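Quick heads-up: it's one chain on its own, the form predicted alone, in structure tokens.
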């Protein structure tokens, strides 16, 4: 089957690798040449992934039968609509259902309207005066979220990033700069607990869950520093993280299924693609932090590195609306993903650094390398201002997978840094102790 991958990050490299490993004939539509994707494609082109007409034109020219859209921005631009309307099977929701991610002012009222569990107290505001009044009157800490897409870096938490006055200043900044390009802000009660990600494969009705993942947004060891796109993540052997329960998993998946049903009722369109549920396990049960209308980055690398099923078959069934509960399975391994990023990331990163990745040594150590926001020019791999290379260690335990991933940091040369604590025994124990304290 001729399969198009749209996007050029590490998530898209993981998607492309999984499709290639299961026999897909790959084509790529990228903003820049990702060396990991380009080398396994039958053909690729560099263009504007937000232009539905250009993506369709390339797809038609190459006889593409199935398209898998990696990032969220093309979904908001209507790329899935253009491809699906032309009869191409598409993994990625249409523009209206994709509002679960692209417009946070859509997702919360949807949950409220259809009585979906796990929705925190919230308010949606289209002006800074009312938003600031809500902050004054709420009587507790809030999460502050621009309604539109901000690359995973727009959310700020009172008590972590700002005090009350700082929160109001940030709200004014959101409106004054039109951050996220939707003139609204969502204010939500601050949730306390442990975060986890549950990613689903969705064909419009059926939602099949993957192993739980925990991502690490803060830039530096010890969960300190500014928020990033994600510095790394891990899964445990099986589906459940060591500090969470089967009930947490089941509740999260049930919430996602209810949400998919509500989306169809609200929009009249079925949601087909990947759904990323970010949850908080609290003393009062599982709460929804937010939804993403695609796989996570880095979380995609964790689950796709241990995918046992044929990715081509899974994606074809998603696009055709015929996915079964038993069509997606995973190897019984733990994974740890660590990102190498340019010095200064995310606030003042160095750019255009040449890096060298010893893929042979990484693979021989039991890990998988994925290229992220880099580009290949004249045989050289150069960084941008964002994350550069992800490495996923795979083993029987989180601790063993972490040691593999950490060893492989030595096999990437360049002026790069990474978090050393992700997946360590000490960090996992901290999470376990925290949840015992939360739940008594």
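All of these numbers come straight from a predicted model, not from anything done at the bench. Positions refer to the first chain, counted from 1.
In what follows, reference is made to the form predicted in complex with a small molecule, a form of this protein that is not presented.
The single contact residue among 103, 189, 264, 284, judged by any heavy atom lying within 4.5 Å of the small molecule in the predicted complex, is 189.
This chain lacks the partner; the member of 157, 179, 365, 253 within 4.5 angstroms of the small molecule in the predicted complex by a non-hydrogen atom is 157. Not one of 237, 399 and 427 comes within 4.5 Å of the small molecule in the predicted complex, counting any heavy atom. Comment: 288 to 296 is the region of 76 to 84, 288 to 296, 129 to 137, 310 to 318 lying near the small molecule in the predicted complex, near meaning a non-hydrogen atom within 4.5 Å.
Put simply, residue 145 is close to the small molecule in the predicted complex: some heavy atom of it is within 4.5 Å. When the small molecule is considered in the predicted complex, residue 278 lines it closely, a heavy atom lying within 4.5 Å. At least one heavy atom of residue 217 is located within 4.5 Å of the small molecule in the predicted complex. At least one heavy atom of residue 195 is located within 4.5 Å of the small molecule in the predicted complex.
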